[in-house]
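In structure tokens, one chain follows: the form predicted on its own.
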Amino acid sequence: MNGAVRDDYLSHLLQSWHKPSSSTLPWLNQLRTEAVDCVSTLRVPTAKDEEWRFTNIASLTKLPFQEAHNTSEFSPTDIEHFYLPEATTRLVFVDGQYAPQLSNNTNEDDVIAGNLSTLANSHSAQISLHLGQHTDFRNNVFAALNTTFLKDSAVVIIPRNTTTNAPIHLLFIATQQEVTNYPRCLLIAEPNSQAVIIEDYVALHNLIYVTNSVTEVSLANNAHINHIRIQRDSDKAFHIADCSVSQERSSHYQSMNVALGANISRLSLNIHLEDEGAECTVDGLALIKGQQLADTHTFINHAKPNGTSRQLHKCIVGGEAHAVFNGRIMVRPNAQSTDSTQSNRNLLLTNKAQVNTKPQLEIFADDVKCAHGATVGQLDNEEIFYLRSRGFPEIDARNLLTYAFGAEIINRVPVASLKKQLEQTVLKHTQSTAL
């Protein structure tokens, strides 16, 4: 991509940006202004960049859609099928803007949940300490754009010594054609807290649009967070996401990322185990078909001793779809007694489906236990033969084996209604081996 194309794309996006009024919070103004300055010095990545060489987003730069402004009007009954009955706290954002009339914020268990404009004054000290501080937008053009257009955000604060009894559902709904949405999430878990957070991206219609999301997660000492991220955008959409996690002593971050929708999707997940005894479990599933492209880049940074990380990422690729996985684990010199494993398993359902996988281990400590690996293959003919010998038609045998491959991840979802939704989606996708 030449400089003129790059500049035209970014310049067009910035045309709708206006400097915030001085009446807003000064620290938030400064954050946005710094992000604008960063955009002017950054460029859109191309396939010539090592981190993007398998993910060509040239088609995205031809669609410099401006920010969505007017919230669509529709009835709550139109989106009830996305609701999770277990979640008594639900924050709904429509095209990136908070929709209080669709939300259900009971603040049970003393959880502090709401949008940025509602909580910015009453919890300014906590929010300013974390918002924009965990994601490196200074070297990431999409994170910089998200921060530039930061007007609202889902904010969840789990107070000290608090354990939530119900999951917290953050629902982001895309409804408009040819716009760019900038969803933002800030999750703060104070010491000895525990919660299940569901970050859910959906579309009402099969429209073309861009979702550029940023999520920042902070876990204090001994905090436990189960963070489930579901991307089920329109299959014409583009979804670029960045999630950055900071973990303190003896905290436990459990992550699940499921990619189902979007024409092109890219998730960058960066987890920093910054103190001793921190643990993370990272599960992922990409289920794609047609000509979809799903790219997952993860970075797990072991900075201190006695850290533990477990990662399993699976891809089911049909049609002419393309999956990308790059998992990087770094063990710093001071991170002795680190225990880390990483596995990427990929199932190709057609001869035209493809996957590029690159698991990485970078170890700078000598007292560690680390392993990683990747597999790419098709359905096992012996397993198909076994099922056919038991009376299954070949198509049913293939569908059953494909479903079982993805079910290993789906079965780990702790919310019954969401698990059922995902099971139905996987079953629907496996109705044909050609997907």
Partner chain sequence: MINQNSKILLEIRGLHATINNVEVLKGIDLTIKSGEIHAIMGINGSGKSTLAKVLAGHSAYEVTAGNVLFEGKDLFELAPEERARAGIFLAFQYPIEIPGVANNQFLRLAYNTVQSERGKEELDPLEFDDFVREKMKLLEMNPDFLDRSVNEGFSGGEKKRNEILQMALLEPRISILDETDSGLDIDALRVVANGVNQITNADNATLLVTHYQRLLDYIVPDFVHVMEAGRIIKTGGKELALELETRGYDWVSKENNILAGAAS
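Just so you know, these numbers come straight off a predicted model, no measurement behind them. Residue numbers count along the first chain shown, from 1.
Unshown form predicted together with its partner chain; subsequent notes refer to it.
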* Contact assignment for its partner chain in the predicted bound form, among 36, 58, 376, 400, heavy atom within 4.5 Å -> 400
* Asked: Of the residues 47, 407, 63, 371, which one places a heavy atom within 4.5 Å of its partner chain in the predicted bound form?
  -> 407
* Contact of residue 411 with its partner chain in the predicted bound form (heavy atom, 4.5 Å) -> yes
* Would residue 382 sit within 4.5 Å of its partner chain in the predicted bound form, counting heavy atoms only? -> yes
* To do: Decide whether residue 392 counts as a contact residue for its partner chain in the predicted bound form under a heavy atom distance cut-off of 4.5 Å.
  => yes
* May I ask you to check whether residue 28 falls inside a 4.5 Å heavy atom distance of its partner chain in the predicted bound form? => no
* Structure fact -> Given 28-36, 384-392, 363-371, 48-56, the stretch touching its partner chain in the predicted bound form at heavy atoms within 4.5 Å is 384-392
